[in-house]
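Single chain ahead, written as structure tokens, the form predicted on its own.
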């Protein structure tokens, strides 16, 4: 996998058996919890809101270090959204933390009318997106990107790398307006090589270049795309990987620059193929009238069963091998 050497930094371990990534992948633990505390220590306007999921959302770190700005509303997600709206109107910068399904499906009316419509400065952070949750359809957010990118004023982001979390937390705090960030809880890979330009909100992040085509990925799929690109390189194909950490607003110019090469382009996401990153990229390309070999890899139009992330990624076609096969399917025969 194309990655820098493991870095001996606090909070970083080398996984003996990664659930999705290959063995030996360097990981960073609780990157979001650390980033939010660091942000709040610099910015006194940042407040942390939750709905009785303090441990699973890594906000126990915030609770223990800055308790006067920590608010647990219990299992009442809709109420949290309304409270966050009011706090934002008074000058706070609320970070609302819960599972992705609860931030989107369960409290959509409040998110739409109390946060997106008035364009208030609330940051929604959804954990366990897509098939990273073992909990079956009730807890697997395979439609959250589609829901949130349909809301006017809403920014949608997803970090790919443990070190990138801090950059995006800082960026969304600086952005004035509502943001939805989806993020895998617990461990995140360190897959972006040292020296790669830092993530910029609204811009694609090229990680590697390739003369034979590109894999455009988001979130946890970026590490798997880098693994697939390494496998394809062994097979004689030079494939680039680009990180779409900002799904909305999508970097239209960046997408068109890739598409105009005419080389195969595969979009890989931990989300339904309907309404997510792949759909957004397809919209840009089709509206520009560009023809090229193009494919989307994600959850098909199905609800998943429950299971470990490793099992689900294999069964529903999100694994490294599936990415490689999907890209190979775009090549001329």
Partner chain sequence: MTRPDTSRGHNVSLDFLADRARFVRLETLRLSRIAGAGHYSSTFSAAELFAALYYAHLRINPAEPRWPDRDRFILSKGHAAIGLYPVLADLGFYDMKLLENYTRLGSPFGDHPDMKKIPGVDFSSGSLGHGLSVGVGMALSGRVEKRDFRVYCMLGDGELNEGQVWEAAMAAGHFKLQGLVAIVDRNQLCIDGNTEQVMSVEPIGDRFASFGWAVQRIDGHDLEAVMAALEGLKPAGEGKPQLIIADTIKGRGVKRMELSLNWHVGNLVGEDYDDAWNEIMAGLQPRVEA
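Residue numbers count along the first chain shown, from 1. These numbers were taken from a predicted model, which means no experiment stands behind them.
A second form of this protein, the form predicted together with the partner chain, is not displayed here; the remarks below concern that form.
Every residue in the set 85, 89 and 110 has a non-hydrogen atom no more than 4.5 Å from the partner chain in the model of the complex. In the model of the complex, the partner chain sits beyond 4.5 Å of every heavy atom of residue 262. Remark: residue 114 counts among the residues lining the partner chain in the model of the complex, judged by a heavy atom distance of 4.5 Å or less. Although the partner is absent here, residue 134 lies well away from the partner chain in the model of the complex, with no heavy atom inside 4.5 Å. Within 4.5 Å of any heavy atom of the partner chain in the model of the complex lies no heavy atom of residue 206.
68 is the sole member of 287, 64, 68, 301 with a non-hydrogen atom lying within 4.5 angstroms of the partner chain in the model of the complex.
When you look in the model of the complex, the only residue of 147, 120, 250, 172 with a non-hydrogen atom within 4.5 Å of the partner chain is 120.
From the list 231-239, 89-97, 250-258, 162-170, the contact stretch for the partner chain in the model of the complex under a 4.5 Å heavy atom rule is 89-97. Contacts with the partner chain in the model of the complex, taken as any heavy atom within 4.5 Å, map within 65-79 to 68, 71, 72, 73, 76, 77, 78, 79.
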